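A lone chain, given as structure tokens: the form predicted alone.
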Amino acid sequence: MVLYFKYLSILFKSQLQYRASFWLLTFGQFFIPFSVFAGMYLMFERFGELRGWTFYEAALVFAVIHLAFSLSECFARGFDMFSGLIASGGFDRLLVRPRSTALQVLGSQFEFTRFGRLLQSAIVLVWALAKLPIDWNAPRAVTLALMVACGVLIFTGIYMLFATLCFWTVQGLEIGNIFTDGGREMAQYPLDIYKKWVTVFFTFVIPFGCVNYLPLLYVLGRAHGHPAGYMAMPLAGVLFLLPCLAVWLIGVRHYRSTGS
């Protein structure tokens, strides 16, 4: 982790060399999800509720998934941009270093301008929590923190899976956006508004439901059962990341150098 934070410090300083560009991009990133949230607000303003969900409950769903996505975009950007390392032969350089390739790729790129998107999501989160009559206790607070943290792991795992494809395809595949951007857009609403097969897929295959919808029922006091079960649900993000890392290691073993 010392090496990881060293990477982070170097890249942060390099991006601040162009301060005007950095702050303008950050400012722009603040308003990108704002337009999406405004659309949600107008929808609830017109219809009142969505399948029994109030605006502030849906806003909490929105905030959690966008917060997780923003953090993954910022700190796992190296995997999203991995095709550039393959095409340029830069991955060869990482292989000769005595550190994990996953750690080096993770530290190869950070998008600090995504802090604007992160700030917007945090504001929505605080606003929604302030408006909802939640009976707070330690288990609920821990569950909410795990929802965000494990959501980051799911998005990171998806980035890692599609980065692995670059070992065979060289260039990144746009199909990955179906599960990153598409998954974010889908998971920003409660899962029970979708068809059953969608709910099943995004609960048992890509477990967004386990880090957003199901534990949120407990946080909002809409679920029955032991709190420990709901607290453990976000850990599905860890279980999702582990096979993604295993697939990554398989890809590394099948990598063929560019020879340049």
Partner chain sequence: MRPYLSVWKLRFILGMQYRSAAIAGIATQLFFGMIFLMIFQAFYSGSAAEPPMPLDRLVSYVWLQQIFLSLIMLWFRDNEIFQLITSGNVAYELCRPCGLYSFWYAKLLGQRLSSATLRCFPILLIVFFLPKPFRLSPPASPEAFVLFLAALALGLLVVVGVSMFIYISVFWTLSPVGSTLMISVAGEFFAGMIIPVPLMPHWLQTVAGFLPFRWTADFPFRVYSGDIPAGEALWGIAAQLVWIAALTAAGAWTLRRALRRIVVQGG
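Positions refer to the first chain, counted from 1. All values reported here derive from a predicted model rather than from experimental measurement.
Beyond what is shown, the protein has a form predicted together with the partner chain; the following relates to that form.
Among the residues 235, 193, 217, 200, the one placing a heavy atom within 4.5 Å of the partner chain in the predicted complex is 193. For the residues 123, 186, 165, 149, the 4.5 Å heavy atom test against the partner chain in the predicted complex is passed only by 186.
For the chain shown alone, residue 245 is not a contact residue for the partner chain in the predicted complex, no non-hydrogen atom being within 4.5 angstroms. Looking at residue 28, you'd find a heavy atom of it within 4.5 angstroms of the partner chain in the predicted complex. Taking the partner from the other structure, the partner chain in the predicted complex has a heavy atom within 4.5 Å of a heavy atom of residue 47. When the partner chain is considered in the predicted complex, residue 239 lies well away from it, no heavy atom lying within 4.5 Å. With the partner omitted here, the stretch from 124-132, 176-184, 141-149, 76-84 that lies within 4.5 Å of the partner chain by heavy atoms in the predicted complex is 176-184.
Applying a 4.5 Å heavy atom cutoff to the partner chain in the predicted complex picks out 35, 36, 38, 39, 42, 43, 44, 45, 46, 47, 49, 50, 51 from 35-62, in order along the sequence.
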